[in-house]
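We give structure tokens for two forms of one protein chain below, kept apart as structure 1 and structure 2.
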Structure 1
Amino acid sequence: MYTTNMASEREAPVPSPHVGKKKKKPAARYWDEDPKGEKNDNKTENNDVESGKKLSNKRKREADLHHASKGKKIFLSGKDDPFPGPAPIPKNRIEKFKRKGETMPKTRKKNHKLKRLMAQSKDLSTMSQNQAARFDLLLPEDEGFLEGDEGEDTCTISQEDIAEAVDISSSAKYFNLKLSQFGPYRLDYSRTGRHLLLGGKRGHIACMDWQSKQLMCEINVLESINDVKWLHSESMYAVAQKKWLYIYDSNGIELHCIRKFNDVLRMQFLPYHFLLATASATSFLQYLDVSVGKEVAAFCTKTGRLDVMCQNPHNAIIHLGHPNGTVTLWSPNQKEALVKMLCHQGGVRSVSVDKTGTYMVTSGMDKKLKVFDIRTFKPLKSYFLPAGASCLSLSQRGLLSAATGDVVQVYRDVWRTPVTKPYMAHRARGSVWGLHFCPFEDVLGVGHGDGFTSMLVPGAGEPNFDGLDANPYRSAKQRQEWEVKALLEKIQPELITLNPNKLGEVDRATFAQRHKDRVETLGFDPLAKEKFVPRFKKKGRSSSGAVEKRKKQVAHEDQRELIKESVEVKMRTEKEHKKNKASVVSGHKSALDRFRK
């Protein structure tokens, strides 16, 4: 039985459940009896109060603005700001973005306009530094590295253990593709790190979105493949086949067959120049502009078969390794090598350059792994590998992967400290034919005789990407817009130099050049001395012989100062030489020195 208790009219009213809150007054209704006079009086009073409040607020605002103009603080909320002024920026972050040579040069003349312009440029420079330091704080992602337990070596940790320890999305990045029929495989990742391109030695080509495992196309060209390379976007790629160079789209449709580029063994794509550089078995280095489809340059290196090639991402210089142990640096502007370096006693097997363009790592037939500083072209470190390294690859964070047979070893900080053991190691299912780190991911792609392996390498990829340059999450529309902007901003091949900072320097005219321009504008040389014309003398003293004698005397006067200086320098050096000789002689004691007083 359910019972309900109804409150009678005599019972006390139930108290409101809203404790501590005043009940809102209900809105006035038209049936409420309210005298009109009272209503109007209340209205006028309320209007007067509101107008008074408005006036006081207006005066207060004016007073605040007046104080602000005098440099006094304004507290709009009525409370003191606990953190007044702009947020402080750490000094180490400002130093990171500080420009070199920021001291203002002192001008001798009082040029007020120039001083004002220089002060404005200094203020703008300081503001840009602070903004860059503030935006750097918005990059929260940090690279991580593999850390073992106490006494545990990280190179003994297997890929299966790492995949079990990480989250599901990261563990899905470790996988194997068994493709034993058409191997061994060479590979390439797109600039965004989203797409993978595989090329088997026996003609198999496959491109895919490796993160979602979605296959874009898969074809067999029915002839051997030497190398594969993505072009400016994931919609086109180049394949170096047995005879010629072919261009395909992402659907596997053949777009071009370039017969000028024959017997190509290795390829590198320069993204900011839209240039495809190829090295052939006939010792030719060729450049193809993919935006217009024309050959830019072709050089015969005269060094034999070119099967070792890499690029410097900093200045777009091509590095070639040769069987005689040398590494040569090339640009499309010069027919001869810019630099020739003797790196190994045997042939060079692989070359790799870091993204800053500072260090180059090479491996050779002498079983040595060497690290060079490209700024000085001198070796920094040298390591001995028992079996040598056939393939090398450097990650965005400076990790080095080296393949020896079917074993892939990853090293850390090879150019800073001497390395005694690898950071990570993994045994592939076949002999390794290609290595490549995936951009913006802690992943190393390994192409071997049994297919492809995607390894997890913590700390390999750059955690913060530039969304305007290479955005891994861009849509098709964003990719189209980026492609148009990249074509408009394409750098011409004539600007490829060893030192790209030279292009930003001011070409200051020399004194000789300025003097030459001045002579051309004036029509005469203002610094030239007037030709000496002897004064005519009487009584036979202005004969031709006497005039020539006076001319010679004046001509010798100009040389007298130079002769005096040279004689003084000669005398000084002779005196110093005698002193040194005397000190050397005095240093040798003889038996008769004891009789000298």
Structure 2
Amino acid sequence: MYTTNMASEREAPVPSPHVGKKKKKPAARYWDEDPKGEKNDNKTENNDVESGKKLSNKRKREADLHHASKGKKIFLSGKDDPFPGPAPIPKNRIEKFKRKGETMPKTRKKNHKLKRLMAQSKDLSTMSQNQAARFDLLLPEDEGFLEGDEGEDTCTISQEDIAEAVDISSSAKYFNLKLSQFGPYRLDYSRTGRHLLLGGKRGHIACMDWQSKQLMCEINVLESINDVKWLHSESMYAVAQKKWLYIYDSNGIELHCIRKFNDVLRMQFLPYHFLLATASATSFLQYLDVSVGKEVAAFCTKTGRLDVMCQNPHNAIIHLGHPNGTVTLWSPNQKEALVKMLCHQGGVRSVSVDKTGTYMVTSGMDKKLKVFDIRTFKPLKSYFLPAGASCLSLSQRGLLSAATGDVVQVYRDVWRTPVTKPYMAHRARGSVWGLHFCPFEDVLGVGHGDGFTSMLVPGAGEPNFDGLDANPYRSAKQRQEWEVKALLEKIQPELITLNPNKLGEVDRATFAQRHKDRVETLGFDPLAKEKFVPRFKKKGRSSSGAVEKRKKQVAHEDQRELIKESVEVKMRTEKEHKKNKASVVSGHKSALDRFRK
């Protein structure tokens, strides 16, 4: 019975045997043409659908409406498509895939071939962007979130409550490791987010697959440890020990002791360049190419002990924080800092840069937390934290975690809206020493004096990873293949610049350059003014004195012309200035106008 009921929508209407009873109208479907609804629909669509498709859709629907009003519908084969044409793509989603600085300037010359080529390539790129935007729908996972009840602050929700509320596998991601003997701990997650590396101040190193809680190796180097860092994959890691830099493999076997790198305090690994950047107590910034084992660059920054360091994941620039409140930006290609920014009144305690390379968050001894736009190097927001933040870390989706003493606070949207209270907070068992968001997981790792805490921070991680870039579920074989590919396309350190897309832009020769080339090919300067050569005159009028006199005359004339021109320009600007002033005065008077000259 209900099967027919289900199908009745699609079949041709059967004349009802009941005459008196009015036939129930079929439920309104959202694709049925309802003129009122239609209007609304169109309006909403206008906002976010591409204009070209919008027009054709509209026209088609109008035609449909017209048919409907006549009372006869044309069915070619079954019902007509309620959604004609390709599916519309929301504009903001296309925007996500647009590359910056893509607009090509028009060529001045009429080069038809080039024009056609450019048009073709532009079409192709828009097509691929649209396809990518459309593919966005198919992504399997959604990001996490945490919402309090009415009147409940999310920052009051404890980790235990969250762990209780979520599924078992997620709740297992909240755990504490009590390692009170060799603390405090620094930590690092591998690029896929599967592996955790812990380094205790008193020489304890442990690396593990933290999701399955499988210990890969645990050693004690019997030396103080300043920092630990995974290299490109989970098979190797670097440890900055008391004196030298060491590299171990995942079984805890010492592979290298690098004596060129001494007193290292902080390290950053640039995964696409295979560069390990180190900052040392002797104020040296050094770059080690880990694929060939060569020191690429070493700079003495001459700014004292370097214990604040982070990288910009967008352009591989290293940011260093200094005790005098400045943050400096470094690339391996320049001996001087690329940029020096005065960020804080006291020393800089921690720096962090977001994934897209747009924002930099710093915290300083002046107990301030500041957000900068590092494309323009301008401050955006400044917050006052009563205790000051010692460690900062930004997650893939832009959550900021800040450690103040033994409390870890997580903030949301620090650069967009003024934030008054944290999104989440958690008290660790000792003062926090290392802080790191786990990539592709809603997890924040906290290394502190009493060991390690893995916190659940809903909404921190990127939900959908790219299998060819960093795949948490990759097999050993896939990892090997990825390693070969990654090594093949290792970016050379010379390509590290503030704008990583510079390489793809057209190098437009400046007028000066073009003019120089022209001069070179022609053999003379076509724009140069001819030098005055006095003609030879007879009857003794070409004596050296007379020639000199004539030369002077010509030079004087030239000068007069120059002066005349400059005076004219001056007059004109003055006139314009006066005019502007007059218009301003006549436009709207203010009380302060009387002080104007």
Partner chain sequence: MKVKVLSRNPDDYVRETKYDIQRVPRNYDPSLHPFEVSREYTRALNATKLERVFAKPFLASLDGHRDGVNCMAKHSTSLSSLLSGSCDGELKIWNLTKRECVRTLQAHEGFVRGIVVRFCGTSFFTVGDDKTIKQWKMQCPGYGEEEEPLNTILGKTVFTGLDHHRTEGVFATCGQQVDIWDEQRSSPIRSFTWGVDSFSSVRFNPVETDLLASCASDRSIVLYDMREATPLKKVVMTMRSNTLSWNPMEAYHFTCANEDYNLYTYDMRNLEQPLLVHMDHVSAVLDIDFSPTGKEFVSASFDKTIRIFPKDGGHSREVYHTKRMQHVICVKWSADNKYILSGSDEMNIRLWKANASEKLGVVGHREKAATNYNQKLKEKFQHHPQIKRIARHRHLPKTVYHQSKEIRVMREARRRKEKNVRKHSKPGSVPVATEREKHVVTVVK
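It should be emphasised that the depicted structure is a prediction, and the values quoted were computed from it without experimental measurement. Rigid core here is just the name for the largest C-alpha set that superposes within 1.5 Å across the two forms. Numbering for residues begins at 1 and runs along the sequence of structure 1.
Deciding between structure 1 and structure 2, tell me which is the form predicted on its own. The form predicted on its own is shown as structure 1.
With both forms fit on the core, is the shift of the CA atom of Lys178 between structure 1 and structure 2 2 Å or larger? Shift of 2 Å or more: no.
Using a rigid core superposition, assess whether Ala512 undergoes a CA shift of 2 Å or more between structure 1 and structure 2. Yes: Ala512 shifts by at least 2 Å between structure 1 and structure 2.
I want to check Glu295: does it shift between structure 1 and structure 2 by 2 Å or more at the Cα, with the core superposed? For Glu295, whose C-alpha is compared between structure 1 and structure 2 after core superposition, the shift is less than 2 Å.
Give me the C-alpha shift of Glu576 between structure 1 and structure 2, core superposed, in Å. For Glu576, the C-alpha ends up 5.4 Å from its position in the other form.
By how many angstrom does Ser125 shift at its CA between structure 1 and structure 2 when the core is held fixed? With the rigid core fitted, the alpha carbon of Ser125 is displaced 3.3 Å between structure 1 and structure 2.
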